[in-house]
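The form predicted on its own is given below as one chain in structure tokens.
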Amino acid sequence: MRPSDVLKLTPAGLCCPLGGFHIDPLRPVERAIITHGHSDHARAGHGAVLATAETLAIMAARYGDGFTGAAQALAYGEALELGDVRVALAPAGHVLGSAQIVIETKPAAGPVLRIVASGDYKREADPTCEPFRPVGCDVFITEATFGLPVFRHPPAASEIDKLLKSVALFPERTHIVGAYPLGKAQRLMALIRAAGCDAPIYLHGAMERLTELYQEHGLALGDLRRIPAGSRRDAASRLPGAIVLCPPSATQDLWARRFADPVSCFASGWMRVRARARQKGVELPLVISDHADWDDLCRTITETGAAEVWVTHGQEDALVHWCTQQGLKAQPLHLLGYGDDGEAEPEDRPADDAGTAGAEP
């Protein structure tokens, strides 16, 4: 059996005809397996959804309990037979509940063929989610968000140290940190606490619901507070010396001007590109990514032992070229419909001036 018999590219995304499901489909389908809860991968309206319990909880929090006709949770390492294939999930290390999808053909169809679809993943340790676990396979489908050699992420702890040193240096200013509401924001909170900072962290309204979900799953994030109501003239609400987390768009919105001489920060792997930081008006760029960088992409491909690699949504051509240099068969998938910059969320809309509306649908 060939890999193309197991997974096919359709207008809705990757489809497994033998199992009767799509992976992170772009439009409503009869059965979907979802890798993680970011809205460019997890959409509402499918007939049935299979995912980790955490991803299902995230989807319910975002879209309501009726986000699918039927929801089924699958734990890491647990196997399930769907049609003529066996499916399992393995940790992806991207956000809470994120998973790689492991697909195996049945022995009756000939030699077993194993395909692993990575979804979005990272290799750096993250206290907010299960760490990535390489899975040996014949075909590895990898993301390539940061699939260029220029992208080598520094340790996240060193970037948090930059933030805390800036807070200490400018106690009269508010540090407003743009971070995606699912995963990145909670990771920043955990990293700030791990660095020994126990001061209150103030949250934009868009952060609250998903942060509460992380806390319900056992993550201790310390003293988190709502931003106090007030105006630009109200000294008590200007929060000098504080760290405020908000959706990225809010850092450049009128909402941000209420704070004390704000320092605009943005936590993203794209902050490695100085032109992007300047374009977004970021005063303190923090290179903190929830995706694998170039070295970790290459290392992961090697660790899977895959002889064939499919590269998707990102810098595909460079990684395909690297794979062919290693003697691997490789091809780009050119999947469309995922985050434009690989880390942005489509619902990251400008915040309102009250600080309670924001990135959540």
Partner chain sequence: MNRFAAFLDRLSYEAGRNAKIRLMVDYFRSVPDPERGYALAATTGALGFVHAKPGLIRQLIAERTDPVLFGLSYDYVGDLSETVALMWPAPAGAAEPGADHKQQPPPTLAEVVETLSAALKPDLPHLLARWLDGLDETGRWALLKLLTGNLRIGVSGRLAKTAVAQLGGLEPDAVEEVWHGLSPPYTELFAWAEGAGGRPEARDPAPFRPPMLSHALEEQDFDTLDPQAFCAEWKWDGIRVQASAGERADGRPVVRLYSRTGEDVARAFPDLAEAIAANSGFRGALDGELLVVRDGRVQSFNVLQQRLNRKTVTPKLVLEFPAHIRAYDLLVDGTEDLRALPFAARRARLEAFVSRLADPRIDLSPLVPFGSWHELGAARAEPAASGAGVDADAIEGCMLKRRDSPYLPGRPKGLWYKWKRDPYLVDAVLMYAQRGHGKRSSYYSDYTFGVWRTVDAATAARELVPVGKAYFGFTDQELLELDRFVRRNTVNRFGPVREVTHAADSGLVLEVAFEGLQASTRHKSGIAMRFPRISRVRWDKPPSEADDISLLERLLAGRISA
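All values reported here derive from a predicted model rather than from experimental measurement. Residue numbers count along the first chain shown, from 1.
If you look for the form predicted in complex with the partner chain, you will not find it shown, but the lines that follow are about it.
A.B. asks: Please identify, from 178-186, 159-167, 195-203, 117-125, the stretch that has a heavy atom within 4.5 Å of the partner chain in the predicted complex.
C.D. replies: Heavy atoms within 4.5 Å of the partner chain in the predicted complex occur in 159-167.
A.B. asks: Even though the partner chain is not shown here, does it sit in the predicted complex so that P149, A277 and Q315 each have a heavy atom within 4.5 Å?
C.D. replies: Contact check passed for all of P149, A277 and Q315.
A.B. asks: Can you check whether Q252 is within 4.5 Å of the partner chain in the predicted complex, heavy atom basis?
C.D. replies: Q252: contacts the partner chain in the predicted complex.
A.B. asks: Answer for L284 alone: is it within 4.5 Å of the partner chain in the predicted complex, judged on heavy atom distances?
C.D. replies: L284: contacts the partner chain in the predicted complex.
A.B. asks: Can H321 be called a contact residue for the partner chain in the predicted complex at 4.5 Å between heavy atoms?
C.D. replies: Yes, H321 sits close enough to the partner chain in the predicted complex that at least one of its heavy atoms falls within 4.5 Å.
A.B. asks: Does any part of W294 reach within 4.5 Å of the partner chain in the predicted complex? Heavy atoms only, please.
C.D. replies: Residue-level check for W294: yes, a contact with the partner chain.
A.B. asks: Which residue, C129, L239, V263, V85, has a heavy atom that falls within 4.5 Å of the partner chain in the predicted complex?
C.D. replies: None of the others qualify; the residue that does is V263.
A.B. asks: Could you spot which one of P171, P228, G136, G222 gets a heavy atom to within 4.5 Å of the partner chain in the predicted complex?
C.D. replies: Contact residue from the list: P171.
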